[in-house]
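Structure 1 and structure 2 below are two forms of the same protein chain, each written out on its own as structure tokens.
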Structure 1
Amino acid sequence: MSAPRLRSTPLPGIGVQYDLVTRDHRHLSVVAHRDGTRTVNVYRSDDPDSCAQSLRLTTAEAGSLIDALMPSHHSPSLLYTTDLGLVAERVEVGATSRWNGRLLGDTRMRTETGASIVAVLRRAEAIPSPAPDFRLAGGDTVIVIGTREGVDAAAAILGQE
């Protein structure tokens, strides 16, 4: 059996619509809205152009659905995994973390775990490739890449109180 074909259609001002026809000839679509929400549509089997059900999902709900559909996702914070054994994961710096207000370099993250912090998400801003003199803050979401073990060790370091 050939792989299902996913067709994407740009929707100016809205986002992108992804359409899939299943092996049972059912038409599904997902609209990825620019604000991060998703709309999942299921079309009628007797009229594939007529939507039978539509469900709007928040960004968090869409992430949870992805976790349920992708067996390789074992954590809601897991972003990506490869055949090379690398994972990218979101790790939150808590308000009570010992690293709140301290420099990234002070964590000795790469030296201690082999994992790399490739970005920090702070409020609505993404800070790519933070330098060792970057000051962490409670509520930051750190994007860590490394082996499963390295990322787990990095999460443990950032979670220290």
Structure 2
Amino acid sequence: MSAPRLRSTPLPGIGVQYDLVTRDHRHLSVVAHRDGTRTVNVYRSDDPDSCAQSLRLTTAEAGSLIDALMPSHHSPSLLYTTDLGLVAERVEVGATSRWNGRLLGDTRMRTETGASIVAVLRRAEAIPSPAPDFRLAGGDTVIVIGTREGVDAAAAILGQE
């Protein structure tokens, strides 16, 4: 199924408005203000030009709302699922993990599972595409991309005590 069309209208001096008409012919719009805040609008049924509800959200509130709107919300570790069958997940390296302090290459991750580690998040910094000589540490969050099975296998390897 193709994605529903999101129509955008520039609002000079304010930002951009995105309109969505749902399958039930209900009309919904989001105004992206230039300062990063968002306004979510629901239209009245007796006067389709006018908003019944107009809700202003801060950047952080809009972010939380997006999380809740994502169809995969029930799995908080999941970053994104595409139609291609690939999955990206955050996997924690525990303090008691077998890999705490060991080289990434030792996990033989790609050979064993076919999944790739695209980045490691350590405290506030992100290390993109870590090389095999990268040394893992407890508390790291590893971002793995692969097939569903591959990512599950990778999570199992990283979870070894």
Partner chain sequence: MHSAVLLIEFGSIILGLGLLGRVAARFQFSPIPLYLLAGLAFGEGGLLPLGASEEFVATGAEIGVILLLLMLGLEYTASDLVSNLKSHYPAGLVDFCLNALPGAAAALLLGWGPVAAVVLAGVTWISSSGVIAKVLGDLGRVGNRETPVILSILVLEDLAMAVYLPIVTALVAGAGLLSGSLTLAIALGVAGLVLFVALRYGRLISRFVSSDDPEKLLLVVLGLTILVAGVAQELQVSAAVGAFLVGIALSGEVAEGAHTLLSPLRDLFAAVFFVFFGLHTDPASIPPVLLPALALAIVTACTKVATGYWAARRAGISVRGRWRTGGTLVARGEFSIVIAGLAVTAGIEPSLGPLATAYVLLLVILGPLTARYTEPLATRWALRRESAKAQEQAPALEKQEQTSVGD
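Just so you know, these numbers come straight off a predicted model, no measurement behind them. Here, a residue number simply tells you its place in the sequence of structure 1, counted from 1. The term rigid core refers to the maximal set of C-alpha atoms that superpose within 1.5 Å between the two forms.
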**Matching structure (the form predicted together with its partner chain), either 1 or 2** = 2
**Item:** C-alpha of Pro132 moved at least 2 Å between structure 1 and structure 2 on rigid core
**Value:** no
**Item:** C-alpha of Asp19 moved at least 2 Å between structure 1 and structure 2 on rigid core
**Value:** yes
**Message:** Could you check, with the core superposed, whether the Cα atom of Gly94 shifts 2 Å or more between structure 1 and structure 2?
**Reply:** no
**Asked** Once both forms share the same rigid core frame, by what distance in Å has the CA of Asp47 shifted between structure 1 and structure 2?
**Response** 12.1
